[in-house]
Structures are given as structure tokens and as C-alpha cells.
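One chain comes next, on its own, written out as C-alpha cells in the form predicted alone.
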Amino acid sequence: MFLPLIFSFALTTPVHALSIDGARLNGTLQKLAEFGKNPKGGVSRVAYSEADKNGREYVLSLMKQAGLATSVDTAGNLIGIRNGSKPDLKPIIIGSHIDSVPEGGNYDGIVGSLSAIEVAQTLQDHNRFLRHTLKVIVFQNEEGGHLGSRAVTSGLTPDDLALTSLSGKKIGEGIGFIGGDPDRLEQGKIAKGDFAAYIELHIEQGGVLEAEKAIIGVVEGIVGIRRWNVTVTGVPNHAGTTPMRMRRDAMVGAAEFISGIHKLILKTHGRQVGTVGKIDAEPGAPNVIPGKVRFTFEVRDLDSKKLEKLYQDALSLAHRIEKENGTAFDFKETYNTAPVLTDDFIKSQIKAAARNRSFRTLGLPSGAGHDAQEFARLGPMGMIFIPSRNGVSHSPEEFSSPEEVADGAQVLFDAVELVDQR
């Protein structure tokens, strides 16, 4: 019993506490916001654009100022290394991304990237070295489908490289544009077990932390997503001459499904979500009963079994509607990503770091995808959330206060030091 007690104490006892420089961090956030700044107050810094390239150069300069040995890997990711005192230990990786969606905000990904650099800068300021090597990564094109993190984990296919990005460049061309080499992607890959821990700080992109008045979100996992294109087929006919009881109205069938699945998901225990985000009717005329309706249907949750059950429930609902109004449903799955859970040990250290600073925490899932989920397939992963005002993200209205940004970076720093003691 004696040894485990010592081990547990070591994992949760903070080292001599250092404080990050919140004013400096928020200053770099403001400076980076100039690259791709748009009239609405946000940024349009899509991957492989001139704004993205210029923003990356600024971030690279910050990494150098922090004493990091910098490079650009073959995928175009920015890499910064601070060697540890125990070279035989595998590195701790921290970071995020700086590319945005069109007319996006100034915090999504950016807080995590600049906070990771602030961690390195704080170590540099105090001449402190971790036992593990610290590796800061700023991933390219997260918004396009985690392309930078996928390139170094599961890999990119020739089809991926041939896709056209929002900048207008094909992915392969874009990787070359920012200093990578699409012909040598395999050389930059990270293997399973190549790192000790991956920790990412991010804005929540939702309103739970703000509503619960929590300062730090301890992410429990990143949800799996399943998405279908659903087609409801009925019989198109004259809207004025076809009696209501004689209709096989595809729109009515679709509406009953959308309403029914909404109620079903609400009644299911847990934090699962379901969405119908797009709908089209044919022939789309006001005086014609719709003969065909197409819509998207998506569910998200941390439990793969629950996702499958929700799908089976959706099929049962569709079959009932078919019998009632004579329409036919067809489901074609278009997207399926498995949920990933965060590492229990890293979660415990994030909680300890927050508790040591008297910050209230809340455990919650991430409903959005992140670079972290790619790394979770290869080793221990953890995520830290800070509040997003009014739950807004991917918008110029996206905002986290300077205090919230600084608090998140502080917990990242402290959690890295606690994990380093392992």
C-alpha cells in the first residue's frame, strides 16, 4: 500500500509554481488577428492563403523568441522543440492551429497555439527545463478536416491531396506553398507510442461553461459523428385537386421524421445531439405536392453503441411513417468517425492544475472535432476548454475574455509540469 500512496501524491503535487504572462499572451492574440482581418472584426485566414502564410511566419517568430528549435515538417506543420533534461523520455506535445473558416473569429485554435508558445516562453524566461522534451506543434488546415494532424498520424491519401481547399489551391499544392513537401509526407509521420502525452487547449465553442460558471472545462472525449443523406419519396401531384387523404406527401413524411427524431433524442438519457441541417424538396413549386424530399441527418455522442442505437431508432421511426402515409425512406451514410476518450491520467492532472489555482472545473465532451482526436489514436490525449461568450464560434462574434485566455494558458502550463513528473 505504501508505494501506490507515494505515486498518487507525486502525480498531484504541483512543482514550484510559475505564472504565465497573460498580458503578453493576449498581446500576441491581438497581433495575430491582424493577419486576415476582415471588416466584421474577425479573420478570414483560410489555410494556404497569403494571410495564413503571413500569420504562420509571425507565429514562427514567436516560437523562435521562446527559445524553441523550429522547423516545418513535410506536412507543413510548424514545429518547435525545447529539449528536456531526460533525453530518453518521450516528448510531451502541445499545440493547436491558426487557420480559420471564412469570416471566422480570433480564438478558435489560436488560443491553443499561442498558449502553447507561451508555455515554452515561460519556461525560457525562468530557465526551467522539463524532464521530457516539450514539442509545440501548430497544425496546418485544421478547418479543412484536420489535414495537418492527419498527415502525421493516420496519413493523407492521393485523393486527399487532390481536393481543392478554400484558398483555391489543391491540398498538395497548399502544403508546398507553406513550406511542406507533399511527396515526402510519410517521413513526417508519428508512430504509436512516439509521445508521452498530447494536451490541447481550446475554446469550448459552446455555452456550457459560461452557463455553469466554470472557468476550466476538462474534456472527457471527442464525440463520434454519424451522418446520413435521407431521401423520402412520395408522389408529386396537383396541390389544388388532390384531396388530403389521397396524398403521399414526401414533405409530410420528412416533417414527421424530423419532429419525431428530435423528440426521441431529447428523451434519450445522456448528452447526445441530433441535427437535420439541410433540406430540399422536389419539384419545389408552391402548387405541387412534393414527390421527393432530401435532407441530412446527423447524430453525435461519446458512445458508439448509442450512436448505432439512435440510428436503429431512426430507422424504426421511418418505417412507421412509411406505413402511415405511403412514402418510402432511404438512408445513405456519408460520414462516420468513432468517438475518442481522453486519457484518465491527463484528465486528473488538468483537474489538479485547475484546483491548485482555485479554478472551478466542469467535465464535458467536445461536440466538435479537433487535432487532438487524431493523436488520441496513437497515445494519451487530454484537452482543456475555456468559456466562449454566448457559446458563439466560427464567427467574428467569437470571444473569450483576456482573463479566461490567461487562466486557460496557466492551467495548460501547470498540467504540462504535473504530467512531466510522471
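What you are looking at is a predicted structure, and each value in this text was computed from that prediction instead of being measured. So that there is no doubt, residue numbering starts at 1 and follows the sequence shown.
Keep in mind that the form predicted in complex with another copy of the chain is not shown, yet the notes after this line are about it.
- Shown without its partner, this chain lists 340, 161, 166, 208 as candidates; in the predicted complex, only 208 has a non-hydrogen atom within 4.5 angstroms of another copy of the chain.
- Distance criterion of 4.5 Å from any heavy atom to another copy of the chain in the predicted complex singles out 247 from the list 309, 170, 247, 90.
- Remark: of stretches 120-128, 293-301, 182-190, 69-77, the one touching another copy of the chain in the predicted complex is 293-301 (heavy atom within 4.5 Å).
- Not displayed here, another copy of the chain is kept clear of residue 133 by more than 4.5 Å at the level of heavy atoms in the predicted complex.
- In the predicted complex, residue 368 approaches another copy of the chain with a heavy atom inside 4.5 Å.
- Among residues of the shown chain, residue 237 is one whose heavy atoms approach another copy of the chain to within 4.5 Å in the predicted complex.
- In the predicted complex, at least one heavy atom of residue 259 sits within 4.5 Å of a heavy atom of another copy of the chain.
- Although another copy of the chain is not shown here, in the predicted complex the stretch 279-301 places heavy atoms of 279, 280, 281, 284, 285, 286, 287, 288, 289, 290, 296, 298, 300 within 4.5 Å of it, in sequence order.
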